[in-house]
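Only one chain is given next, in structure tokens, and it is the form predicted alone.
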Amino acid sequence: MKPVHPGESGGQYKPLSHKDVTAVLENSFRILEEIGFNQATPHCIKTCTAYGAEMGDDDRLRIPRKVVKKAIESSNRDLVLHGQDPAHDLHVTGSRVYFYTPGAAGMIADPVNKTNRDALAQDLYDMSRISDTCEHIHIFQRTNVLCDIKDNYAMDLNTTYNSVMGTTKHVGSSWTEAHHLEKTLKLLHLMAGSEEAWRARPFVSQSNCFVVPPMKFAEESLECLRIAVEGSMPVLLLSAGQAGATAPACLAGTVSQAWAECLGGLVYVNAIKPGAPAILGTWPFVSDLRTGAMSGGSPEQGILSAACAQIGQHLDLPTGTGCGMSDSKLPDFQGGAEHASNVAIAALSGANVIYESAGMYASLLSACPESLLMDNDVLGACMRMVKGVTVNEETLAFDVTKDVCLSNKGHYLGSDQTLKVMQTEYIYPEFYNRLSPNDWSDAGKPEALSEAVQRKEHILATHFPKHVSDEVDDKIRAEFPVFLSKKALGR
């Protein structure tokens, strides 16, 4: 009895005409054919040239459109992002929409004291636990870096461990070096029960910035990508150019470059393993051209995300985009407005996975635990917009209208249909109140932020997921440098 469910179908908003879509894709193909990529790794060169790409005398890897189309045709169009609990399995296909948390904030926002501090390992586990309770946050992407862990291997491993231990949902993470991922895969095999069980239901995916815009491969990330594909880990092929800085200032050019870069990654993935689960992560960001600073809360951010999603719909490829962060430093009117408007437009466009959709401020520099809870209300409202209006004989309600009008009832408040659809047609926020001014005053003038602070404290004091057993956790701790104490896990 829910008004919305994970994976409602979008696609209602189309910022590009059909002619525009064709022109953008043609430009992307030209970029791949005529410009190509710099700094390909030996494995990438060998694998992609065997697949049909061409290595030029100028050391740039160029990809003819027939090769790109071969990769598109062999791509996985119905991939499943497995939850640790099968109840959280997500079918990423068509125009189904899902919401992800953000990633890689270096600071944690404290909305009570209006300050920011360094993000810690405990914060990641805590935000995973909070997200585990949020109905409309469907996947937990690591929200922050672990500033208190200086060793890069330990940081990568604990990022995955802390995220997975805090939620039964699918988890997204990333790695700085390939051998860090190789070791983390062994940890995940332990959690899954065996390597075979992991490969059957991989519950962690890799966000991989395999390209440094414009059109230059990131060599270590390519190796991480290879290890993930070979290890049956779903991958997000992430291109994060910044319009006006590392991508063209004109939005159409930015969309073209983003798709060229991601399609290049798709060729590499399918050259390694045809049909390997991959999401096309077209994540173009926006520069405030007055200063050069990133502006994640700008309206252009939402438009870019929607346009990229429309291209994904046209190609019938699983597509992810990043929008929903704010330029504000703390939860306030600006933060709420920027979160809601950009997530809504991306969701209505049918972007399969919308990253950065909750809790992010200062254009990804800061994450706020309380905002995960408040943004959960925003995401529910956005998904309700995606679901739209159901039209059938029952919902047209002619017989109900006839009864109310001809029986002189004067209103629909007591009708059976009104009571029946209270939970299926309408969505109700948890933190944004709808009281009248007098009732609000009588209730002590509650505010969403103060309510969220209280809820956060309650969750962190009581919610300790136990889906990974003590026995398995002990095996992990015996083999890997886990920083989070068993006491912090509530054990």
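We number the residues from 1 along the sequence you see. A quick note: this is a predicted structure, and the numbers were derived from the prediction, not measured.
Keep in mind that the form predicted together with another copy of the chain is missing from the display, and what follows is about it.
- Just one of Ile272, Ala104, Ala381, Ala197 comes within 4.5 Å of another copy of the chain in the model of the complex, counting any heavy atom, and that one is Ala381.
- Contact annotation: of the candidates Leu237, Ala307, Ile130, Ile137, the single residue with a non-hydrogen atom within 4.5 angstroms of another copy of the chain in the model of the complex is Ala307.
- Of the candidate stretches 395-403, 173-181, 84-92, 150-158, only 395-403 has residues with heavy atoms within 4.5 Å of another copy of the chain in the model of the complex.
- For the three marked residues, Gln12, Lys114 and Ser295, a heavy atom of each sits within 4.5 Å of another copy of the chain in the model of the complex.
- Under a 4.5 angstroms non-hydrogen atom cutoff, another copy of the chain in the model of the complex has His339 among its neighbouring residues.
- Using a 4.5 angstroms threshold between heavy atoms, Lys456 stays clear of another copy of the chain in the model of the complex.
- Contact check for Leu120: no non-hydrogen atom falls within 4.5 Å of another copy of the chain in the model of the complex.
- Another copy of the chain in the model of the complex is approached by Gly244, whose closest heavy atom lies within 4.5 angstroms of it.
- In the model of the complex, Val286, Ser287, Asp288, Leu289, Arg290, Ser295, Ser298, Pro299, Glu300 are the residues of 276-302 with at least one heavy atom within 4.5 Å of another copy of the chain, listed from first to last.
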